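The form predicted on its own is given below as one chain in structure tokens.
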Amino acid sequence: MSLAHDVLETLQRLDVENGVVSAARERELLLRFSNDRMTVADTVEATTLSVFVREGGRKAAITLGETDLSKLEAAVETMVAGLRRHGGGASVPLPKGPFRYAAPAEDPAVDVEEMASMAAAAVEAARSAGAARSAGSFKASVTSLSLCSTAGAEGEALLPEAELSLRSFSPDGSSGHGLAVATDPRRIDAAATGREAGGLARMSMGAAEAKGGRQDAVLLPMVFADLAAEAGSMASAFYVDMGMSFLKGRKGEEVASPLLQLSDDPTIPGCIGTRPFDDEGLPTRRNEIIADGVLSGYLHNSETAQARGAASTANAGLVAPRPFNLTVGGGKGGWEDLAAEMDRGLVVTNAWYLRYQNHAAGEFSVIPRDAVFVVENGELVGAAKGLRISDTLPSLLSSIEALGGDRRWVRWWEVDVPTLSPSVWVRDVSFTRSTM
């Protein structure tokens, strides 16, 4: 906390009324493997300091990878001086502390040899399940976060995270992806992750080029988590006000199937998105976003809340409020059970490169990656390739037919908000041809 406190004293010396300082020290152990062999084992440590100031109707922020106090003070002084040259108006005050927070998480003991052994077990399990080769990464990080504000908020948090991501390939190049996340790498079932990746790769052998068109689809957790994270992020009042959300003007209205429950809950013990305070220092809490298909409300920081005559939901993001830890309600059975109920359709196990054509309409495309299975009369009859999902979030969320009971946490580079998601059966998904 000392570095953050030292910079806070600089803000106080400059008579800044609304300022937040946070210091993050991250230690990460990263293992990479390719063609079933370990290729990288590296430990990285880094410290970043972020300073946010709101004054005179304007705001400014800087993030520095610097620990030299004199350089930090100079950077802050320059930022504040620049802000004051253009200010002129009232600013929303920061939440007034002090606050009481939940106890910090524990620091898991990370052992490189143990993690390497687990990665090897995942690779071997994938091979036993039918994979010809596997590649991926296993990383574990711990971020020590300190925050203090000119309004009296002060807190410390420990944010541990581990992720095993394994992509396996069959002899004809078909692939499957296994993913597991936890706060402690020892809580990850590496062998199960490998079996999943290898099994999907084996099952998707002989994939045939598929035609586009509207079809029912079972979207596995790695796919639906991506869509749920997008919907959760679009609940940010900032993006709503910017006209970059399909949820604009929809509070209290039905925006999805009555089956959909979507919440942000960074208070769940032992999850990688759990944290005791937001970026303004407010204690975090559970916030309902969509309940029985109806939009409950938006995510706020102090500034967006005041603009709407509301209260902060403790989701700062100093500029844009954001979700921290999304959960989707579940149903019964696994993806195989959902597929067994479909007459015809596809099973999509993974997807990447989600891109928007129109944010306000929620119009997007995303490319199914790895195994895609064809379903006829409730049976898997083959594998498909060469497809793209080209649809809108409102259409997909409103067309949910059933939810599985196979909820799992998803967090990787395609899904940056930790999301607990089941497999989901969606009616009439629009598929087009993909050139990738």
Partner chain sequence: MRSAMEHALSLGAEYAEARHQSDVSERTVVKNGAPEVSGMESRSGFSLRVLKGGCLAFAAGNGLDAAGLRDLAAKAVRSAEASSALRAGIRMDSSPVCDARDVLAPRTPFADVDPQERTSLLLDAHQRAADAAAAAGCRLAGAFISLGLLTTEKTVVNSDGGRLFSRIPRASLNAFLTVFSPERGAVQRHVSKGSASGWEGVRSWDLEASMADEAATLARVLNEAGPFPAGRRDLVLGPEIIGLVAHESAGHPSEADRLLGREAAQAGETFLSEEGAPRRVGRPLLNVVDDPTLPGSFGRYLYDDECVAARRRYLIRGGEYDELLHDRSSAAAMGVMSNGSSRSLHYGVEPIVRMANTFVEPGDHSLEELLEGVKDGIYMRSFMEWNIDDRRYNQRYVGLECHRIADGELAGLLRSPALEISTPALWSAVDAVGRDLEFSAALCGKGEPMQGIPVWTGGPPVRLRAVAMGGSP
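Given the structure is predicted, the values throughout are model-derived calculations rather than measurements. Residue numbers count along the first chain shown, from 1.
The following text describes the form predicted in complex with the partner chain, which does not appear among the structures shown.
**Q** Scan Ala360, Val294, Ala191, Ala102 and let me know which has any heavy atom within 4.5 Å of the partner chain in the model of the complex.
**A** Exactly one listed residue reaches within 4.5 Å, namely Ala360.
**Q** Exactly one of Val80, Val366, Ile272, Ile290 has a non-hydrogen atom within 4.5 Å of the partner chain in the model of the complex; which residue is it?
**A** Exactly one listed residue reaches within 4.5 Å, namely Val366.
**Q** Quick one: does Met242 come within 4.5 Å of the partner chain in the model of the complex, counting heavy atoms only?
**A** Yes, Met242 sits close enough to the partner chain in the model of the complex that at least one of its heavy atoms falls within 4.5 Å.
**Q** State yes or no: in the model of the complex, is some non-hydrogen atom of Gly386 no more than 4.5 angstroms from a non-hydrogen atom of the partner chain?
**A** Looking in the model of the complex, residue contacts with the partner chain include Gly386, since a heavy atom lies within 4.5 Å.
**Q** Report whether the minimum heavy atom distance between Arg355 and the partner chain in the model of the complex is within 4.5 Å.
**A** Close contact exists here: in the model of the complex, Arg355 approaches the partner chain to within 4.5 Å, heavy atoms only.
**Q** Does any part of Gly405 reach within 4.5 Å of the partner chain in the model of the complex? Heavy atoms only, please.
**A** Taking the distances in the model of the complex, the answer for Gly405 is no, it never comes within 4.5 Å of the partner chain.
**Q** Whether Gly65, Lys139 and Trp412 jointly form a contact site for the partner chain in the model of the complex is the question; each needs a heavy atom within 4.5 Å.
**A** Checked in the model of the complex: all three residues contact the partner chain.
**Q** Specify the contacting stretch among 255-263, 322-330, 130-138, 147-155, defined as having any heavy atom within 4.5 Å of the partner chain in the model of the complex.
**A** Comparing against the partner chain in the model of the complex, the contact stretch is 130-138.
**Q** Taking the partner chain in the model of the complex, which residues of 33-50 have any heavy atom within 4.5 Å of it?
**A** Those in contact are Ser34, Asn35, Asp36, Arg37, Met38, Thr39, Val40, Ala41, Asp42, Thr43, Val44, Glu45, Ala46, Thr47.
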